[in-house]
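Have a look below at one chain only, the form predicted alone, in structure tokens format.
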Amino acid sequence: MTRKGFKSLLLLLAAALLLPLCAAPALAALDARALLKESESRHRTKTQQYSGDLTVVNKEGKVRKKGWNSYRQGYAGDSKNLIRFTDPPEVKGVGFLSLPRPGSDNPDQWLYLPSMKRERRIAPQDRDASFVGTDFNYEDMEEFDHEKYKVALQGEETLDGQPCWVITAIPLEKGGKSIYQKRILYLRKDILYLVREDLIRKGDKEPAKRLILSDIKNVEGHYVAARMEMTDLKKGSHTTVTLKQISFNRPQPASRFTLQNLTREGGD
């Protein structure tokens, strides 16, 4: 090796040795809030709509299936959501509407039952009630808004071969009433997408429920989990939602997210 070549080799070795030292501060600088903000920035869309199949399996193995259409406008803390069940006949027309409430950190939520021909407002004390016989409750139907939580980076873990950031989220008092004392979030490192959430109720040490998001697809340039499964770890039941015909950023009529539309026969 020439003298010039030997000098170049020394420079490469020095660079390789110094690289981890340079990268360490960048890794240390990562914090949970920054990761969640970046995740929201990447995955925020103006609107989302899809049709879905919902399957509930209780601890005895009994299966119940439902179909629904879902519409969302906004994202996280400012989102408006409408769900309308389409089948079977006994639930067809049942609707659910969630709207941000001015002056409050908890949204306004209503359930419409065609058999009663009127909407029912979901009271704060009912946030833990089952949503239409599923393993989701009414609080679970809200979109996660990290601004309502004290968050911390707990560590790293690999799920299904995918390295993930593990973040704890504890509800802030000013963030509104919550039935949970802590959420543990798993964000895929490569795309910063939520793939698992463990939900710990107040007074408990272990998660009461676990949400798994899978079958992640890129639709119209946006990542989306086409399959979501909520498991009640105490009851032994689980509810699976499969998303179909997903689309983003389609204009939504202003009248869609209103009580008048919720209670309208054949409204969507």
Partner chain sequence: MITRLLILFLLLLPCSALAEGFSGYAELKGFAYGERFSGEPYGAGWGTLYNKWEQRLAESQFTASLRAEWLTAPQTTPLVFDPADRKLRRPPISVPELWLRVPLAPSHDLELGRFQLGWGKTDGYSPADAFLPRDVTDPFADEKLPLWAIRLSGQEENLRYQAVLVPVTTPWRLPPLGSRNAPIASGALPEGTRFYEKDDQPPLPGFAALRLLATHGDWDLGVWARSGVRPAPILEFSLDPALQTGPVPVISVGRRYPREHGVGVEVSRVAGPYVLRGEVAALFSADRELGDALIGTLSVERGFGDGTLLITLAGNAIDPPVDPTLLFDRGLLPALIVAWNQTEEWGVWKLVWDCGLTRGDGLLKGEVGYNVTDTWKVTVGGDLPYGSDKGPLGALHGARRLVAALRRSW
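Here the rigid core means the biggest group of C-alpha atoms that line up within 1.5 Å when the two forms are laid on top of each other. The structure displayed is predicted, hence computed values, not measured ones. Numbering follows the first chain given and starts at 1.
Another form, the form predicted together with the partner chain, is not on view; read the next lines as being about it.
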With heavy atoms only and a cut-off of 4.5 Å, decide whether Gln252 touches the partner chain in the model of the complex.
no
Against the partner chain in the model of the complex, would Pro163 count as a contact residue? Criterion: heavy atoms within 4.5 Å.
no
Asp190 versus the partner chain, in the model of the complex: is there a non-hydrogen atom within 4.5 Å?
no
The partner chain contact at Thr47 in the model of the complex, heavy atom, 4.5 Å:
no
Counting only non-hydrogen atoms, the one stretch of 192 to 200, 149 to 157, 179 to 187, 112 to 120 within 4.5 angstroms of the partner chain in the model of the complex is 112 to 120
Heavy atom within 4.5 Å of the partner chain in the model of the complex, from candidates Glu143, Asp108, Asp78, Glu173, belongs to Asp108
Each of Arg72, Lys205 and Ala208 near the partner chain in the model of the complex, meaning some heavy atom within 4.5 Å?
no
Residue by residue through 184 to 210, tell me which have a non-hydrogen atom within 4.5 angstroms of the partner chain in the model of the complex.
none
Would the C-alpha of Ser255 be classed as shifted by 2 Å or more between this form and the one not shown after rigid-core alignment?
yes
Can we say the CA of Ala123 moves by at least 2 Å between this form and the one not shown when the core is superposed?
yes
Is Val94 one of the residues whose C-alpha moves 2 Å or more between this form and the one not shown after the core fit?
yes
In the model of the complex the CA atoms of Thr240 and Gln125, compared with here and shifted by at least 3 Å, lie closer
Answer with closer or farther for the CA-CA spacing of Ala129 and Ile122 in the model of the complex compared to the shown form; it moves by 3 Å or more.
farther
